[in-house]
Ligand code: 4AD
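Okay, so here's just one chain, in structure tokens, the form predicted on its own.
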């Protein structure tokens, strides 16, 4: 027996339904009109359609009921689909009946301007605005593109645990909880260590899920809970890793350009810069980047509570901040990969360059248009003794990482991987002003509701 839901009709289908009488179910986005004519803008999650209510077509009772409709009232509207150049989207509904499901009273988000604090407090309702709906649809497309890319290139999706017994990206950014009688457990900062284990079983894998960082950062690019995709590949070196990262980002951007034209238009996003995001991307070493910063008088700036306490020429060995990244990216019209960072500023699991142990075989991809870092990755240390040395140097527990060291004891091979922050990419592609707009319910240091 055919499922009832297959008979539903949606606004995104109107082009193929011209001339048919259908019923749409949704919410009133706006209503205007006078005299014997009312215009109901209806949204159903797939789009917004103009529904024309003419008193002579619906009768006095239905017309009077229509005039009681308010913003975000839920309704069923029946009518004939008509092509119309003047209607948003090119199609409208010539209404024959309206069934009111629920009237909305005093909806708090009106067409007037609202402040950021008010909107984020009402995030559960703010999601209904045309801009936020467009961003969420782009988000959905980005997530699909990521999965399609890896599934189509021989990767296997492997789920990594969210509760972990130890750190992956440093002990200072962990959320901790009590785990029964076993002591502390932590929300995962990354699925990487587990992906390494599964890559040595299946060859090419990826994890895709939430990650948690207890960073006290209030920038427009930071969340405490975000989604990250992390591929891990046996037998890949750092060059293979960078090639794959370029392929992935190109695929995501081009997929969104192909499938989300309407949403990008709603966001008034200039797509010309995105159209340039095609391989090959730009590359430079960390050392070359530092030389460029010094030559162009881009200093190291350290500050406390927004007040600069130190300004000096950028020294080799410091990590780049937003000022340096954005300055470097002003010269590039598509992503840049910076590789071979100083060993002392990178994680213990990154492999030191055999030709220069002062640097590790790590890479970060920076996006243009002030996107910031969108990918971080490396070739992993595959030598047991060298990895153990790094674990001890970082004062990490050898016992807790025993299973991770086992990966080097039994059939160790060259392997690499990276992490891509989905919200960073969505912010860049959509042109969103703040990363909080790129996830349905953002978690930041000052917000855990709604």
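If you're wondering where the values come from, they're calculated on a predicted model, not measured in any experiment. Residue numbers count along the first chain shown, from 1.
Absent from the display: the form predicted together with this ligand. The rest refers to it.
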*asked:* Tell me which stretch of 410-418, 47-55, 63-71, 23-31 has a heavy atom within 4.5 angstroms of this ligand in the model of the complex.
replied: 410-418
*asked:* My question is simply whether residue 94 lines the interface with this ligand in the model of the complex - judged by any non-hydrogen atom within 4.5 Å.
replied: no
*Can you check whether residue 221 is within 4.5 Å of this ligand in the model of the complex, heavy atom basis?*
yes
*Non-hydrogen atom contact residue 374 with this ligand in the model of the complex at 4.5 angstroms*: yes
*Mark residue 215 yes when one of its heavy atoms lies within 4.5 Å of a heavy atom of this ligand in the model of the complex, and no otherwise.*
yes
*Can you pick the one in 349, 236, 206, 286 that has a heavy atom within 4.5 Å of this ligand in the model of the complex?*
349
*Heavy atom contacts to this ligand in the model of the complex at 4.5 Å, residues of 423-449 in sequence order*: 424, 435
